[in-house]
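Just one chain follows, in the form predicted alone, and it is written as structure tokens.
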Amino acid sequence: MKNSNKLISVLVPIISVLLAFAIGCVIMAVLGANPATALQSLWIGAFGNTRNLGTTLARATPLIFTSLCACFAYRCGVFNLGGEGQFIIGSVACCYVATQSGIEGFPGILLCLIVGALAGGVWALIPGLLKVYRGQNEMIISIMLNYVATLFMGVVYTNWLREGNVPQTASVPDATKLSRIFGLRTTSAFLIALVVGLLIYYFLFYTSKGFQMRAVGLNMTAAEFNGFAVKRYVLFSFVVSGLIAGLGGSAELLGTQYRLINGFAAGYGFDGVAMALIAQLHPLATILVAIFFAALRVGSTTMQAATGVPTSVSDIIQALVIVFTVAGLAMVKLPQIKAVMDRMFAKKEAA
């Protein structure tokens, strides 16, 4: 039974991707393009050469951080929808340290990453404290804090740290920028994201504290009756998820953007939530899903140039993957469908 559940959890996202691409191919054909040629162009645009591969991994890096942020919090049964705000606050703190402290080189990079992560953790602690001690809804509070963080960033780059007449901050010093990997556009921020994902995976599935945190996420009431410090784990999950997002904001600023401008980090938070759900809150699967979505976004530009298929078709495919995955996972949990599938697997095992 346990193996059957694992198989279903793997098959649902795969089938969802295939269905989404099938519908995408129909749309491409209606638009007068050859679906095979369009998909080939999509692949080439995302992975066709080292330059395109580097662009894909660079686009995937912030998505990995925000999806891991959501993944960690959801594993404890809390809904942190403020990953974008925590990402932004981390980048703001990082920008201030990078441009105002005068510390450069490796010490400056390390200081910026630590300060950005801490800023994201403190920002995430706000909804955590209000949930634990005031019984407030963490989803609403974390979403509202996204807008607060965005507006605060606007004040920073248009007023406090504005560079001349342009509504943007000064660029971080060259010595404080993250190094590129093998000459690609991808920076060491991608490696940091991979390390964070591996650490989260190890903590959740190979440590006693991780097991207890997952137990709290499955049933807070039962965990509390068994003596688990539920409030402490809830706060811990908020802080750590905020640390992950804040670290991502710092890495994105030092590795790709270099300055705060209008539209920085827009949409990263909710994209991360969707990717974490598609990956079913598995840290390693979350990384793969983030790379998949980044490939769709990067490759769609080449697809449009080669076949005339608009990039919006790629957006449709992404949306369909999310809808089909969420709907599929909900359907397999219905009692009627679950009973049918249990009988099917029981017959297979008996045979």
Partner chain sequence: MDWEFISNLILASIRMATPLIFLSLAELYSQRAGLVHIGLEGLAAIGSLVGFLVSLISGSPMLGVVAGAAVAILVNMIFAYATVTLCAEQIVYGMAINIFAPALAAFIYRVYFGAGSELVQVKLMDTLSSTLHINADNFLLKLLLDQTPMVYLAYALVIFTAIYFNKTKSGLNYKAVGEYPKAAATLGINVIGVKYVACIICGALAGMGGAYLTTCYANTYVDGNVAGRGFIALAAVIFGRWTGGGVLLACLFFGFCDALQIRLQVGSSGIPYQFFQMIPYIATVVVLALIGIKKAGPKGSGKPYLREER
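Residue numbers count along the first chain shown, from 1. Rigid core: the largest C-alpha set superposing within 1.5 Å between the two forms. Worth saying up front: this structure is predicted, and the values here are computed from it rather than measured.
A second form of this protein, the form predicted in complex with the partner chain, is not displayed here; the remarks below concern that form.
*Asks:* Quick one: which of 141 to 149, 242 to 250, 102 to 110, 193 to 201 gets within 4.5 Å of the partner chain in the model of the complex, going by heavy atoms?
*Replies:* It is 141 to 149 that comes within 4.5 Å of the partner.
*Asks:* Is every one of Gly135, Val313 and Gln336 in contact with the partner chain in the model of the complex, taking contact as a heavy atom within 4.5 Å?
*Replies:* Heavy-atom distance to the partner chain in the model of the complex: all three under 4.5 Å.
*Asks:* I'd like to check something about Gly154: if you look in the model of the complex, is any of its heavy atoms closer than or equal to 4.5 Å to a heavy atom of the partner chain?
*Replies:* Looking in the model of the complex, residue contacts with the partner chain include Gly154, since a heavy atom lies within 4.5 Å.
*Asks:* With a 4.5 Å heavy atom cut-off, would you call Ala319 a contact of the partner chain in the model of the complex?
*Replies:* Ala319 belongs to the contact set for the partner chain.
*Asks:* In the model of the complex, is there a heavy atom of the partner chain that lies within 4.5 Å of any heavy atom of Ile14, even though the partner is absent here?
*Replies:* Ile14: no, not in contact with the partner chain in the model of the complex.
*Asks:* Please run the contact check for Val323 against the partner chain in the model of the complex: heavy atoms, 4.5 angstroms, yes or no?
*Replies:* Yes, Val323 lies within 4.5 Å of the partner chain in the model of the complex.
*Asks:* Within 4.5 Å of the partner chain in the model of the complex, heavy atoms considered, which of Leu178, Val234, Val172, Leu81?
*Replies:* Contact residue from the list: Leu81.
*Asks:* Quick one: of Leu161, Leu130, Ile114, Val122, which gets a non-hydrogen atom within 4.5 angstroms of the partner chain in the model of the complex?
*Replies:* Selected residue: Leu130.
*Asks:* Looking at the partner chain in the model of the complex, which residues in 21 to 55 have at least one heavy atom within 4.5 Å of it?
*Replies:* If the 4.5 Å heavy-atom criterion is applied to the partner chain in the model of the complex, 21 to 55 yields Ile27, Leu31.
*Asks:* Cα of Val309 displaced 2 Å or more between this form and the one not shown, core superposed?
*Replies:* Where the cores coincide, Val309 still shows a C-alpha shift between this form and the one not shown that is 2 Å or more.
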